[in-house]
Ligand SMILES: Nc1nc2c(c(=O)[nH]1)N[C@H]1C(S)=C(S)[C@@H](COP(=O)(O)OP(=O)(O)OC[C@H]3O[C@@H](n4cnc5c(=O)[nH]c(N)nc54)[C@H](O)[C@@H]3O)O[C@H]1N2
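A single chain comes next, written as structure tokens; it is the form predicted on its own.
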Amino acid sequence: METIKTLCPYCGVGCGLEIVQDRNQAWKVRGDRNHPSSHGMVCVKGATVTESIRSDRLLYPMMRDSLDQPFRRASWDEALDTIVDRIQKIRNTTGPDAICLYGSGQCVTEDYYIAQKLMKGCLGTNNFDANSRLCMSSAVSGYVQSFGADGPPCCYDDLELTDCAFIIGSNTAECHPIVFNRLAKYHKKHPNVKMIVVDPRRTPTAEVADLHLAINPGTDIDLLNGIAYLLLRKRAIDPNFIEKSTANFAAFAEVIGSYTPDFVASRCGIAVSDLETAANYWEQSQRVLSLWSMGINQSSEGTAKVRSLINLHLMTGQIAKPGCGPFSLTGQPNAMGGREAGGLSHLLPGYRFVKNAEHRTQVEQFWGIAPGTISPNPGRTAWEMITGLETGEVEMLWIAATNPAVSMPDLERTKAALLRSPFTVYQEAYYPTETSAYAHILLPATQWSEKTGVMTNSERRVTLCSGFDAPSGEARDDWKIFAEVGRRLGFAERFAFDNVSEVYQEFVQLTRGQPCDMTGLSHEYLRQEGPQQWPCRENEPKHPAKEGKRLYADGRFHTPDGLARFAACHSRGLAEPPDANYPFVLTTGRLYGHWHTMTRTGRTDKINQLHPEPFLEIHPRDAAKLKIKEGDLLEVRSTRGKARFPAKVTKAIAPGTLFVPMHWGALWAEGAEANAMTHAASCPDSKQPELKACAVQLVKVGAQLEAEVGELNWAKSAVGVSF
């Protein structure tokens, strides 16, 4: 039987999969032993991914005039003509900036690219953003500010070459399990290799660590500056690298002078000795590999956190060499590809920026559009699309392959804004989802199993993902839907693609000469030679020995003067710290089996058996104060909303901190939405919301009901009511 090679559609690890069809015409999945990123390993999500590909699919377009009406079946022509008519009306009245498109790291690079060409090129609005804004935009901003360009400089081989793994803000064991499997096996075989995990929770990742730093939420910069203080005091730095390859060290050194061990330990809630041990591990290691994810990025100071971590690598010269460097772990399978294609509201394809006049001109000339067509102003971010619905400035919202009615912060406010939308198009493979309740038009899209395209994983590894199943019902590829709208709007010559490989071939030409140069790649080359890392330039040898596994090996960066930049960042702490009325910090996260908002994993029986319901982690000390026992139903309240969860009493969470998983939306559990409590305060540079921490109060549901009954009984007694 034919074996189809593809990529797992879940996290950004980018594990290679092989798909075969059994005698019952069912698709079976196994790890691809030849994929250089995963070596044949798969987690439970990848192993069960084919079980949900035909469940609850959106099979044909559906429409309705208002949200209080039921959907009716429609033809593709009717749906597309309605969308085009609405776009033309808005363009001719309010203008294109009233149109927004919200995409997803689930999309292949070709989907992303055609969406950019439609919105930023043909329509002249930069209002394309993606759910990567909620996930990786602080990493993007940190890399750009420190190095002059996006792109992790490391590779997965470094996991098995490092002296010390420094994991901060990442429960890697559950959220990027194959990366962690590689690291954990190596760590176990080499007793001299150290692992430091920084997390308020004692996660499965922290269980394996040599040192677990359970810092107070929001004190990451304090910790990183405290380590830098000790390294500088010991002169455990690389003065030659600092002088030749960096700038702004003096300002950085002045800032970290305030972060003495006693101050940092007090702020972080850790022992001075543990801080010193962490600094000693850095000092004694020649190759420190730092790994981070949402715990750093999803913060109102996310960019500053990323840069503070990069500072440690710059001051010790631990970058661009085997086994070391700052390595962001991407959340989604193609968030990296989306960044390469310009898939955020401030970006253009090929790691270009809408604010840069030369970049705009380059893209306009390539696309053959009039000078000045691309707006110099960044478009609306994901959250700004929500606020635009509130003010009436956004008149059309087009959502593709994501579920904002669960994943956005301040969820009640988000839902209220979605209800106000004059016209929402929702392009999705599954039905229903929580967001489909807010749509006027539903467009059935093919999913991972039915489409072919390219994805880029966390180590800049580009893989051709070959479709293997027939489209469900009338589903169409996302790029084909965007292109057809473009043609119907009068831009037929801009979207004259016969197949997806032609789309990719056009896109890679826009990467020529850029940091993410992929001009040496094509669908055919990837099919024949397998996954490749960029840069992969045209007419350059592709022999593995010459492959650019690591960036910046020459000590030069993508800044104007070639120097990496130190950041002088003071810690500001949480955007919403706890107080007397809301004394707990609520943090949210992901579980091993589920992924994002359960649109796919919620339809997989094995995973639902693994994680049958949401829960709330609380420390025994806090539970005792509130007389809470295991399994008690608890109501969590912030100033924005509330939700209910059964209690899980555990020492794995720090006192004063609570944890809930973010996966469950209204379709999968009643009143258990983590983002009902979170706020939208965001990093000023990356515009990424602080989804990781908010202030909450906690009430035991039974005790609440008893109190309410008691108050009612007292009131009745006071007015002489008998009962």
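Start at 1 with the first residue shown and count on from there. Just so we're clear, the structure is a prediction, and the values are computed from it rather than from any experiment.
Below, we turn to the form predicted together with the named molecule, even though it does not appear here.
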Exercise. Within 4.5 Å of the named molecule in the predicted bound form, heavy atoms considered, which of Ser300, Ser571, Asn171, Asn126?
Worked result: Asn171
Problem set entry | Interface residue in the predicted bound form among Ser146, Thr597, Ser290, Thr414, criterion: non-hydrogen atom within 4.5 angstroms of the named molecule | Thr597
Exercise. Is there a heavy atom of Ser686 no more than 4.5 Å from a heavy atom of the named molecule in the predicted bound form?
Worked result: no
Exercise. Taking heavy atoms and a 4.5 Å cut-off, does Ala623 contact the named molecule in the predicted bound form?
Worked result: no
For this session: Flag Val198 as yes or no: does it have a non-hydrogen atom within 4.5 angstroms of any non-hydrogen atom of the named molecule in the predicted bound form?
Result: yes
For this session: May I ask you to state whether Met662 is within 4.5 Å of the named molecule in the predicted bound form, using heavy atom distances?
Result: yes
Exercise. So which of 638-646, 441-449, 376-384, 157-165 is the stretch with heavy atoms within 4.5 Å of the named molecule in the predicted bound form?
Worked result: 441-449
Exercise. Since the partner is left out here, which residues of 557-596 would have a heavy atom within 4.5 Å of the named molecule in the predicted bound form?
Worked result: Thr587, Thr588, Gly589, Arg590, Leu591, Tyr592, Gly593, His594, Trp595, His596
